[in-house]
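Coming up, as C-alpha cells: structure 1 and structure 2, two forms of one and the same protein chain.
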Structure 1
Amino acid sequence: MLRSTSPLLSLFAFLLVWGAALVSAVSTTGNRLLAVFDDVGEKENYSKFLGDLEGRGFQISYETPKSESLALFHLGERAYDHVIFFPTKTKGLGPNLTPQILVNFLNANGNILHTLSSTTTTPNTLISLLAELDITLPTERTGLVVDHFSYDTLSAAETHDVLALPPPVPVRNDISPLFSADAPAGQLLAFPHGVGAVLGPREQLTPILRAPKTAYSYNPKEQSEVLEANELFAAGQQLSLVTAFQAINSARFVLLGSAEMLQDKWFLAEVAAPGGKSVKTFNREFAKRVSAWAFQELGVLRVNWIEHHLNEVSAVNESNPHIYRVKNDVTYTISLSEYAYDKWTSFSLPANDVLQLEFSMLSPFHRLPLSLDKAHSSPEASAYTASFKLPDQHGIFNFKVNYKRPFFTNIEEKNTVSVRHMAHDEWPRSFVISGAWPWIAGIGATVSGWVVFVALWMYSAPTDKKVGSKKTN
C-alpha cells in the first residue's frame, strides 16, 4: 500500500481535482442536458445560448424527435437531468417522448425548458403535457401576440409582432426579483413572434413575464380587418409569455413563448420602443437567468442544520432533546443557504416576506416569525431563530418550517418532540403562588384559633362548685 507521495505528484493531483471542479456542473441536479431539435442543424441559430450553457458546465446532447436512440430513462434511472424542446413541425414526438414519459421525468426530479413559436404548430405531445400542468394554448396550437403600443419600431414597425418589453418585475412584493435584479435602467427585452399562454389556478404556476395590458393573441391565418372580442384567445395580462412551474418535488418546467428570443441575432440586436431610444437587448442575460432557474442553478435553497434547545439558566441546555416539559423556554434555529450559479451563499428573505416556525400538535399552538441570527450566520449560510415558551399542554409536538414561495425550492422541515407534564416535585410551593395566600391565611387563622382555644381550655381554672350552692333537708 502506497503511504507517501512526492510533492510534485500531490500538486498534480490537486490541480486535477481543481480542474475537474471547474468543469463540473453548476446545476444542483446534474449537468446532462438534452436539446431536441426538429433538425440538429438548427442549433447554429442558437450558438451563443448553447455556448453559454456549455460554458456553465453542461454536457449537451442533440437529438431529433425521430431519433431511435432517444430515451429519457435507462434502466429505470434518468438518462438526462434536463431537457430543452425547440420548436418542431411534427405533430407528435414519438413513442420515446410521450406525455406520460415527460410527466415521469418531472416526477424523477428532471427539469424541462420548452420553447414555442408562432410560426410552428406545437406538437400534440407537448399540448397534453401543458394540459397536465394546467397551461392552455390557443385551440389552433399556435397564436401570435401583438401589441400596437409596446413593439420594436426597428424590426416590426408595420406588423407589431416583436414586443419590446422591460425586464419582468415580480407579481408580488414578497417574491425575489431573480430575473430582473441589477438590470440596467432602460433595458428592453425583444420578444419576437411569440405565443402567449393562459394559466390555471394551480399554485405551482407563476408567470415570469406577462404581456402588457395592450397586447392580445390571435390566429394570424384568420386575420381580418376588424377583430371581434370573441375571436381573441386572450388579451392583456391574461397572457403569460414566460411561465414557471415548480412541482412539489421542486422539479421545474419553463414555458418560453418565443424561441426566437434565444437566437443569436436577438442577442446582438438593438430594439426601440415607440418614442424611445434604441438599446441593446437584454435577451442574453434574461435567457441566462431563465435557463439557470429552469435547470436549478438559481433559487435553490438548502437546510444546513437545525437546532432546538432549552433556554433556561438552571437547566442543562442539551442540543435537540427528544423531550421537553410544559412551559419550558426553548430556542429554535435553522440555517439556510441559497445556490447561485456555482456556489452556496447566505439566504436573505425577500422584502415583505417572513419565514415562520410552527409549534403544532394537530394544529399550531404557536406560529412565530423567525428573525436573522447574526451570531450564527456567515457568508455561506444564514441562521434564523425564535425563542418562545412551550404551551401548558403535554403530548407529541412538531417544530415545523414550511416555506414555499415562487421561484424557490420548497422547504418543509419537521422535528418531533414530546412535551411531558410537570413532575410532582416540579410544581412551585404554595407560598410562592399569590392566589394561594388567602387560603394559606385561612388555614393559619384556623390553626391559630384552635391552638388558642386549646390553651385557654387547658390552662383555665375550673369553677368552684360550692359557690352559690344550698344545703337541702
Structure 2
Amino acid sequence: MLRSTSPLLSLFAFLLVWGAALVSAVSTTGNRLLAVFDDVGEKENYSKFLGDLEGRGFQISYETPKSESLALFHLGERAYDHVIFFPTKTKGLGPNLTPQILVNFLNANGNILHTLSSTTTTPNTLISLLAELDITLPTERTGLVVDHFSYDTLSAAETHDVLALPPPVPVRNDISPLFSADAPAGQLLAFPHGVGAVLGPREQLTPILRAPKTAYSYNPKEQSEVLEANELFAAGQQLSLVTAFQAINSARFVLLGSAEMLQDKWFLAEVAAPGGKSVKTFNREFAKRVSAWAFQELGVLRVNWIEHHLNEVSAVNESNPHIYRVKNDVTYTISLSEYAYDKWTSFSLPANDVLQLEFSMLSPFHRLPLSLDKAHSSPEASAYTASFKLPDQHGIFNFKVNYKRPFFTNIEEKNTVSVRHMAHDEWPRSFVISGAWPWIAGIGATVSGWVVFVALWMYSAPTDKKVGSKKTN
C-alpha cells in the first residue's frame, strides 16, 4: 500500500529535509547528540572523533552526570536524539540518568552509544541497563581483556592489554559486513584497555567485534598475579568487545568495550602485532562506522512502496485490489532504500541473505524469496518482486514481509487482502468434464422421450392389436 501523507505534512517534511541538507549530511532520526563526560574537559582527548561527528551534521551538547540541568526528556518528548556515554568514575549516573530513563529513551527511539574502559569502574546504572539487554559485564564491574598472541608490541609489549585485531568479520556469512567492508588490507584495529562482555541468547544482540580465540578477561585489581581456575569470567570468542543491540522499534544501543580506541591518540597511532610490521590503525574508520550505525546513518532501511496485482492474461490490471480469488496468479513488489551517511541509496541484500515474502493466514501458506526487479529499481531504491499462485483456501490473508536482520532496521510490512472462493460460474462447464457425459446423455434421452410421448399420447389412434393381458370387465 502506498503511504499517503497529508500535503501539509509532506511539505513540512520536505522543509525539514531541505533545512537539514543545508546544514550537512545527517542521521535519519535527528542530529541532537548528547555527550556525557565525567569531566567535560576530557573531550579534548576525543577531538577528532567528536569533530568527525560534527562534520557529519551532529549538534553535540556536552554534559556531566552531575549536572542538574541534564534531562533526556523535556515535557515528555526526547530532548536529544542520540546519547554517547564516555567512561565515568562515579558509582551511579545520578537521578537524571536512571536505568529506567535510559530504557524509556530507547523505547522513544533514542539511540545510545556507550563506551567502557578497564581503567574506570562501570557505573551501577549501566550494569542495570545492560542486564535489561541481556549483556553481562565482569563481576566487580572491572575487567581487562588481554591476549598474549595479538597485542600491540609498540605500546603494550609488557602488559599485552592493547589488542591489535584485524577489522571484524561478520559472525555469520549472511550478515552484512557493514563494519569491515572495503577495509584496507593489513590495517589493524587497536583495542586498548578494553572490557569484554558476555552476551545472552537474544536475537536482538549481535557482536560487532569478538575477541580472538586466545584472549581472556581478568580483573586487574585482584587477578594481576594469579588467575584462579574457577574465577575466569570469559575467554575467546565468547567475549564480545563491541556489541550491537537493536530494539524492536529499531532504536540502537552500542556497547563499545574500549573508549580509548576513539581517542585521537589511537586514530593516529601505529600498531604492530607480534612478529608483524607496524601499520596504521583502522580505528578512525571503525569509529565512524560504529557511531554511524548507532546513530542511524548506516543500515537504515525504508520501504518506499508496496504493490501487488493480478498476473493473469486478460485480467484487469488494478493495483492493490482488496480481493482475489483462490488460485489466482499474483505479483507482489516491494521497494526498499538504504541510507548511507547522507543519502538514500538502493538496497542490495547481503550475500547469502534472502528477502522473503510470506502469504499468511494465521500461519504462512507461502514463504517465497523476492528477487531483484531491475525494471522498477533506481539508484535510490531497489524493487524486489515475486509472482506466485494464491493457495486454494479462501479467507483473509496477509502479504507479509518480515525482514529482521542484524545491523538493519526492522521491517515488518503487512498488507491484508481477502481471498474468495470460486463463484458458481467460474467452474469448468459440465460438457468439458468427461465424467458428466453419461448424465448429459441421460437428460437428452429424457427430453426426447418426453416430447415423443406427448405427441403419441395426443395423436395416437387406437389399434386392434392386443398385447399382453387386457383388462376385461
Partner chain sequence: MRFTQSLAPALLVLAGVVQATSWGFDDGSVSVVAKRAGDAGSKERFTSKTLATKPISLGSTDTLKISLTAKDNGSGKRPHQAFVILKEKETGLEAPFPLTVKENGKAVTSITHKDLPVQFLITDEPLEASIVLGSFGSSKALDAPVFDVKLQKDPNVPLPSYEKPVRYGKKEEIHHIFRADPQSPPKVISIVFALAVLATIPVLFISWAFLGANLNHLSKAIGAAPVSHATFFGSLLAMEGVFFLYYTTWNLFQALPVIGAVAVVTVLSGTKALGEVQSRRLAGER
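Throughout, residue numbering runs from 1 along the sequence of structure 1. Just so it is clear, the model here is predicted, and its values are computed rather than measured. Between two forms, the rigid core is defined as the largest C-alpha subset superposing within 1.5 Å.
Peer 1: Looking at both copies of this chain, which one is the form predicted together with its partner chain?
Peer 2: Answer 2, the form predicted together with its partner chain.
Peer 1: Looking at the two forms, how many whole degrees does the smaller rigid part turn against the larger between the two structures?
Peer 2: Comparing the two forms, the smaller part rotates by 23 degrees relative to the larger.
Peer 1: Once both forms share the same rigid core frame, by what distance in Å has the CA of V452 shifted between the two structures?
Peer 2: That residue's C-alpha sits 12.6 Å away in the other form.
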